[in-house]
Structure formats: structure tokens, C-alpha cells
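Next comes just one chain, in C-alpha cells: the form predicted alone.
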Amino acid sequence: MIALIIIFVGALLCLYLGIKKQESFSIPIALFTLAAAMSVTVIQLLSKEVWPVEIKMRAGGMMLFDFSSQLFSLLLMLSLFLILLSLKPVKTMGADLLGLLMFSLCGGILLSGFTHLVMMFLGIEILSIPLYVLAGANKKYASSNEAAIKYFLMGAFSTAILLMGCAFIYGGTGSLDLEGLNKASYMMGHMNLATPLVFSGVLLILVGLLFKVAAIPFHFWSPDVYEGSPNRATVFMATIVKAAAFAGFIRLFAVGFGELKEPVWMNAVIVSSAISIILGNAAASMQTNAKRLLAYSGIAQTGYMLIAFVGVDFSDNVWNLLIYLTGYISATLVVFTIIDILDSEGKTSDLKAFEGLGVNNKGLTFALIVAMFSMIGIPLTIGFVGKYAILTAAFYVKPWLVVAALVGSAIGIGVYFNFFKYAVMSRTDNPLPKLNTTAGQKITIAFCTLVILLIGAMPMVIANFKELFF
């Protein structure tokens, strides 16, 4: 809660102090704010107990930032810190777009710590509404305007479905807080019977959340929005929005609807997961635009993250999801930072823009290859650690789903090999020259590459770290 307030105040400062200045003036303020919020969160985590002031600041008992929510919040804040550090600021006057990013982050943090469906809904809306503006920030480009309209319309429909689900849940259980929902689902789960209102409500909420994480069959907005949006909005959607949505997703379904797992929502999640993995990778293999490829790749990665819901132990599921999200976000930030560097050189986001990258830019090429290895799940990367943990936990429950995931991974090898093919194996008479990179871009790429390799090489350190909080 303290970190949330710090970020909200920092967003206001960015807006008002940067009214008549370029955005680059307000970025140090935003970075300092995020660093302060992360420091507070780390101190809270190391104290190994929820601070009394946090409990007193609970909004009517509708939020509680426990250890899992603090870990998710820390991941979200660090992701935005790296995004602001790496991607070039806009040249227009004012810091309104920067403020929108930070306000959207506040919604993501609310999603990680809600204990009431009203607060979950507020978190989703605060997370989403700024993105409708950010997606259309490049007003002169028709593709950006198209992305904003599509995202807004699809977001409005998903919100309506989510709200209808919440209404059904209240009608069927008489409660909207997680504790009340847990008790109601416990009774229904043990009787192996869910009332039609509850059954319909859970599935409608599931549809709304599957839209937010871009899982099949609610993925159709993702490729066009990713391609048309500015790089900063796209990487924000691909990382922070997905991580925040999953934080709320697992909190609601594992705690609130945990006992309705088998009779109501488990099979729907499993089917969506399997189809997302296979079709997402298959569609990605046919793309020639890097941003569209990453959109379909993100759909496949969403399928792997949904497998985390299959495991029996809640704490293991949360931890496995956190590890996987950390690897996914790190690899995505590396790729999008390189795309933004190429964009600064006047290149398009087509895969051919990477042609000859390895000749004069060996550091960037190495980071790109490491990121792709992590996406595939090659050993000695964090992607392998996260994928192994998720699939191992699911194997004892749904072994056929693990087989489907492995088939999808085999297809995914060809997807991510495209980057390697153009960056390293392509033979061209005009390779890319030495690209100009800022200090922030170098720090982001180096940090993310280090995270991918260190956690991949020392998974036992992470396993020991888990014991501090779970």
C-alpha cells in the first residue's frame, strides 16, 4: 500500500512538473519514484511480516498486500523501471503519457493485492484505461489509431462480461470478498455442486480475465494492437499488463474459487492453455513482422502460464508463475529494446530489420540469442527453470497437458529460430552498422540477460529464496 501511494504521488509530480517541458525532464522523477517504491517493498519483504501500518491502511478490508502480492508488485515496478530506462522518450511537450504509464501501474498493483471483487474491477480498469490512450499515442499513424479503437472496443466488451460474472457471483454466494467466496466455494466444492448462478459467474469472470492475458479464444485483439501501438505501449502490454492480470487471476481463482476447481473452471483453463500453446506457436511461425510474432508468441507463453493453475499446492503455483513471468518479462524486454534501437535507426519492425545484426553488434546479438533460448526453454536459462517447475507440478495432475506443452515447445523452436537466422546466419552485403545505444538501453539489456543466465544456472538459490516467504 505504501509503494502504491508513492507511485501515485510520483505520477502526479511527473504530470504537473513536466507540463511545459519535454518528457525527458520527468523521466528521472519517475525513475526515482519507482526506485523508492521498490526499496520500500524490498524492506517489507525482508522484514518477513506484514507491517501494522499496511493493515491499518487497508481500504475497508478490500486489500491486503501479503508476501505474494508484494513479490508481484516488485516485479511490476522493476519492469516499468527498465522500460523507462531503455525506451526513448517522446519529443512532445508534457509528461501525460509518462503519467498514464505510472497510473496504469497503480492498477496492476491493486490487482496483485485485492481481497474484494470491487477492488479487482477497479484494478483492471485503472490498468486498462490509460492503455487505450497509449495505444493511440501515435496520432499521425492509422495503425496506431486502429490499435486504440480495437483495444478499447474489445476491452469494453470484456469488462461488461466480467461485471456480469461478478453480479452472478454475488447473486449465488451473497459475497464479493475472497474470504466469503472461499467459504461458499468450499461448501459447493465438497458437495460437487455449483448453483447455475455461481457456475455461470465463474465462467464469465474467467472469460474476462482470459481476454486480459490474451489467451485463445480471446486473443484476437492482440496481434493488431501489438503491431499498431507505439513500442512503449506494446512492451507495457506484453509485460506489465500480462503479469498484473495473472497476479489477479491466480489470486481470485486459487483462493476465491479454489474449491470449484474441478467441477467448474479447471477444464476450461486446461483447454485454453493447450490450444494457446499449440496455435500460438503455429501462428507465430508464419509471421514476418517481429511485433506480430511476439504477439502470437505471447499467446503461447500465456498458455504455459495457465498451466501453473493446474498444480495442487497454491504456494508452489504462485512461485512457479513468478519465476516464469520473470523469465518471460526479461526476454521480452531484451527483444523490444533491440526493436526500439532499430526503430531509432529508421528500421521497421520487420524481421528483416535484424538482418546482419551479428556482424557489428555482437553484444546485442548475444543478448537476443539468450532471450530466445529462454523463450524456448533451453537449459541454463530462467525460461527452462520456470517451464520445468510449471510442467513438473502439472504432470501429476494432467500428464496429457504436459505432452501438449512439449509439442508446442517443439513448434516454438522454429519461431524463435527466425531471430537467430536473420541476426546471425543471414548473408548480406549491407550488414547493420554499429548501432547507437544509450546507457539506459545497455543497462536494461545487460540486467535482463544476467537475470536469465544467473537464475538459469543457479536454480537452487531461487529455491532456497522461496523458503523465506512461503
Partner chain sequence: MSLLETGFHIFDKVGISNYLFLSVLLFCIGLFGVLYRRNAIILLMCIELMLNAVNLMFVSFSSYLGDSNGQLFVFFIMVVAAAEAAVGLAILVSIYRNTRNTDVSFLDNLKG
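Just so it is clear, the structure is predicted and the values come from calculations on it, not from any experiment. Numbering follows the first chain given and starts at 1.
The same protein also exists as the form predicted in complex with its partner chain; that form is not shown, yet it is the one meant from here on.
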Quiz item: Counting only heavy atoms and a 4.5 Å cutoff, which of 267 to 275, 78 to 86, 250 to 258, 173 to 181 contacts its partner chain in the predicted complex?
Solution: 173 to 181
Quiz item: Applying a 4.5 Å heavy atom distance criterion, does residue 398 contact its partner chain in the predicted complex?
Solution: no
Quiz item: Should residue 141 be counted as a contact of its partner chain in the predicted complex, where contact means heavy atoms within 4.5 Å?
Solution: yes
Self-check item: Close approach of residue 314 to its partner chain in the predicted complex, 4.5 Å, heavy atom
Solution: no
Quiz item: Do residue 285 and its partner chain come within 4.5 Å of each other in the predicted complex, heavy atoms counted?
Solution: no
Exercise. Identify, from the list 293, 214, 148, 364, the residue with a heavy atom within 4.5 Å of its partner chain in the predicted complex.
Key: 148
Exercise. Enumerate the residues of 163 to 188 that have a non-hydrogen atom within 4.5 Å of its partner chain in the predicted complex, in sequence order, or give none.
Key: 163, 164, 166, 167, 168, 170, 171, 174, 176
